[in-house]
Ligand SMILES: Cc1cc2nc3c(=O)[nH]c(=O)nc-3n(C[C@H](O)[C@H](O)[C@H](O)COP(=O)(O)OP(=O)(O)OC[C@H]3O[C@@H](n4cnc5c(N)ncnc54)[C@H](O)[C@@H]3O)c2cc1C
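The chain below stands alone and is given as structure tokens, in the form predicted on its own.
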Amino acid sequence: MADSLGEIMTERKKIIVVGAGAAGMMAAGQAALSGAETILLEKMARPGMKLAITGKGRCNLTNIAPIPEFIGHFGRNGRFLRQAFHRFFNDDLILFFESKGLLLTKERGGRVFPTKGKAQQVVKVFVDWLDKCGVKVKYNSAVTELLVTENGVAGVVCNGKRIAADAVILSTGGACYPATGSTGDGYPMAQQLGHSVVTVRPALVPLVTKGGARKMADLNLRNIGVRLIIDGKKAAEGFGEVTFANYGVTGPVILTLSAVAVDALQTQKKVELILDLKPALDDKKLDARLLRDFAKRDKETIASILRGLLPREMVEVCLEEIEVPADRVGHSVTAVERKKLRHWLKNFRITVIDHRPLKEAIVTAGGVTLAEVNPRTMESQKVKNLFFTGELLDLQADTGGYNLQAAFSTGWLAGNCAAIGTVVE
């Protein structure tokens, strides 16, 4: 697909993009390529600060999954992205970066990263591209108000000064990682113009627990089955890596399940996690393994025997919860105690009492209500010439490159449509 929708305009529009994150930089560049005089206003001293730390500094740009699967990762709101993805999707994004000299690598789970694993390279690609496109980028430029007339948005107030524009693209991001400038500035601006905002809350966020889990800080487990239980019923499940912390649990699989957990906690529901520590073994095979270990090491203590089944940090927690003394020798473990141990290994239950604060979340849930935004253009259904992109919208997915692709796709579409005024097929 071409760099832009490609239409020669009779009059050159003036576009203001607010926020130099992933979506904003893409929007600004595309608006300029489509012929608009484009100004990108960023309140921080440099661009792409959140983008530069994404994926622990490696920047998971996208995923090679097809559109239907991609959309599924966004839950019920994913359908909103269908139009944007059909205009600019993962293959287009990969071509975009590779055409600018950034080598990319596909990794486990279809995730796409810069080959050298440096997110700062992604930011540099954008900075160079924006300069080449002729975008006027202004840093330390905080937008505090949108100017509106009866004909729609007419500009912004930036650093106390009014700047006129034919269209404004809000790309201010969410409300997580405030140190990078993502402080939720766009939400009140949208509300002041009549938009409704779905409650902003953390997604992809660590969970706070009580009990034994907090005794195992810094322990990392791989290939663990996890079930999320809400009010006694399974609400979701996952498989992967779990990390224990002094406040509770985190890790990729926990982060993926956290959005559902957060919503349940906010409605005062009981939230639990059940960990299957031996997912490769069913009950019968696990029981045979336990019988063999206890018979072979019958004169050793159960604490010593369990070191062959569990990390050292988990042994004490396990014995406390199954109520077996650590000095009990293998040959004296009863069938009832062995059954309790087997059940614990397959069903380590953790009570979730809270989540970490929004500033620690990877993604913000909630945002501008999608019913008030045209999915074919990203333009407001309430205020003409106002466009929304990225995390400002009520869109969020799990980990794997999906959220960044949504930012790039909505930014690409908004930039082109703001400049051209309509979608060109």
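Predicted model only: the values in this text are computed from it and were never measured. In this text, residue numbers run from 1 along the sequence as written.
Just so it is clear, the following notes concern the form predicted together with this ligand, a form of the same protein that is not shown.
Novice: At 4.5 Å between heavy atoms, is Met189 in contact with this ligand in the predicted bound form?
Specialist: Met189: contacts this ligand in the predicted bound form.
Novice: Would you classify Ile16 as touching this ligand in the predicted bound form, given a 4.5 Å non-hydrogen atom cut-off?
Specialist: The answer is no: Ile16 has no heavy atom within 4.5 Å of this ligand.
Novice: In the predicted bound form, is there a heavy atom of this ligand that lies within 4.5 Å of any heavy atom of Ser409, even though the partner is absent here?
Specialist: Result no; Ser409 lies far from this ligand in the predicted bound form.
Novice: Does Thr243 reach this ligand in the predicted bound form, with heavy atoms at most 4.5 Å apart?
Specialist: Thr243: no, not in contact with this ligand in the predicted bound form.
Novice: Could you tell me which of 180 to 188, 296 to 304, 125 to 133, 281 to 289 sits within 4.5 Å of this ligand in the predicted bound form, going by non-hydrogen atoms?
Specialist: Among the candidates, contact is made by 180 to 188.
Novice: Which one of Val368, Leu33, Ala65, Met44 is close to this ligand in the predicted bound form, taking close to mean a heavy atom within 4.5 Å?
Specialist: For this set of options, the contacting one is Met44.
Novice: With the partner left out here, which residues of 393 to 414 have a non-hydrogen atom within 4.5 Å of this ligand in the predicted bound form?
Specialist: Read in sequence order, the residues that approach this ligand (within 4.5 Å, in the predicted bound form) are Gly401, Tyr402, Asn403, Leu404, Ala407.
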